[in-house]
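The chain below stands alone and is given as C-alpha cells, in the form predicted on its own.
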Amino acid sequence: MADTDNLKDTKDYYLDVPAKGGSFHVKGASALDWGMQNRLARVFRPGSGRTVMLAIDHGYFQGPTAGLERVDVTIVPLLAHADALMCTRGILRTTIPAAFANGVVLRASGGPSILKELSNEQIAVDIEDATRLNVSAVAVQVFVGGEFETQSIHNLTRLVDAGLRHGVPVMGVTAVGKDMVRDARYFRLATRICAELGAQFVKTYYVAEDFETVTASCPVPIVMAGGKKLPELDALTMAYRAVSEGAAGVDMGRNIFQSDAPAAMIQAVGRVVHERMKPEQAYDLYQTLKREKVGVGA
C-alpha cells in the first residue's frame, strides 16, 4: 500500500501559464502517433529540424564499396558525428555497436545486384524485424519511370501500411535510372508520389535549378542524397544550397567515407546543415580538422 499519511495539498496549477501545444519539429508529422514522432526525433535533430545521415547501405546491391571494405574500421569511428545511420540489417547486427543511440534508418528493399535490372526490387525486411532492431525508420527505393515502377511503389505502400501499424516511419528513396532526366520536374513528380502514398520523409537528389520547388511541393521533409564523390568544397556547397533551398538535411555516403579525412568531413557537413555555415568556412574547418587528424576516422 502507498503511504497516505501526511499528503500535501496540491497547489501548483500555474494558472497564468498557457498549456503547451503538441507542435512537432518535423514537417508534416504533427498528426502522427507519439511513437512515430519519437522515432523521427531520433533522425531529425529537434534544435534545427534537420539531419546529417551517414549512408553506408551501398553493399546491398554492389557488394564491398571503396571506403566500406571494413565498416568496423572506417565507419564506426564516425558514428559520434552522425544524427542517423542508414544501413542494412546485416551490417547493423554484425558491426554497429548497440550503444549507438542516434537514429538508424534501415534499408528495407533489395533483390537485384548491379548485374541485373535494379528496379526489380522487393521488400527485403519484415516490419517485425525492424521493430526488433529498434530502428527509427525503414527505407525503400522507388523507381518512378523505371521498368518495375509499379512494383517498387507497391513496396512503398506495403511498408507504409506496416509502419503505421507498428509506429515505424518510412523513407521513400527516389531512384534515378541511367536513362532518366535528373531535373526538378522529375523530382517534383517522384517525391510527391512518395509523400502522397504515405512516406514520412523522402530522400532525393539535388538539382541546381529549381530545387526549392521540389522541397516546397513535397509535404514531408526532403533529405538530399549525396550522390557521387565530389571535391570536398563542392560537396559542402551542394549541402549548403540544398538546406538553404528547403532540404531538411543530407544523407551522404561517398562524400564522407571516401573523403581524405572522413571524420573532418562529416563534422564540416554537420556545421553546414545545422548552423548554415557557409561552404568556404566549412571547408576551412574541414582542412583544420584534417590537419589535426581529429577522430580515429580522420
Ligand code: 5RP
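All of these numbers come straight from a predicted model, not from anything done at the bench. In case it trips you up, residue 1 is the first one in the sequence shown, and so on.
The same protein also has a form predicted together with ligand 5RP, omitted here; what follows describes it.
Taking a 4.5 Å heavy atom cutoff to ligand 5RP in the predicted complex, the contact residue among Gly167, Gly227, Pro77, Pro112 is Gly227. This chain is drawn without ligand 5RP; in the predicted complex, the residue among Leu40, Met252, Ala235, Val273 with a heavy atom within 4.5 Å of it is Met252. Listed stretches are 27-35, 241-249, 56-64, 261-269; the contact stretch with ligand 5RP in the predicted complex is 56-64, by a heavy atom cutoff of 4.5 Å.
Ligand 5RP is not drawn, but in the predicted complex it has no heavy atom within 4.5 Å of Tyr206. Although the partner is absent here, Thr191 sits far enough away that none of its heavy atoms falls within 4.5 Å of ligand 5RP in the predicted complex. The shortest heavy atom separation between Gln200 and ligand 5RP in the predicted complex exceeds 4.5 Å. The closest heavy atom approach of Asn155 to ligand 5RP in the predicted complex falls outside 4.5 Å.
The three marked residues, Arg89, Leu106 and Ile127, fail to reach ligand 5RP in the predicted complex, with no heavy atom of any inside 4.5 Å. Residue Gln141 is the sole member of 122-143 found to place a heavy atom within 4.5 Å of ligand 5RP in the predicted complex.
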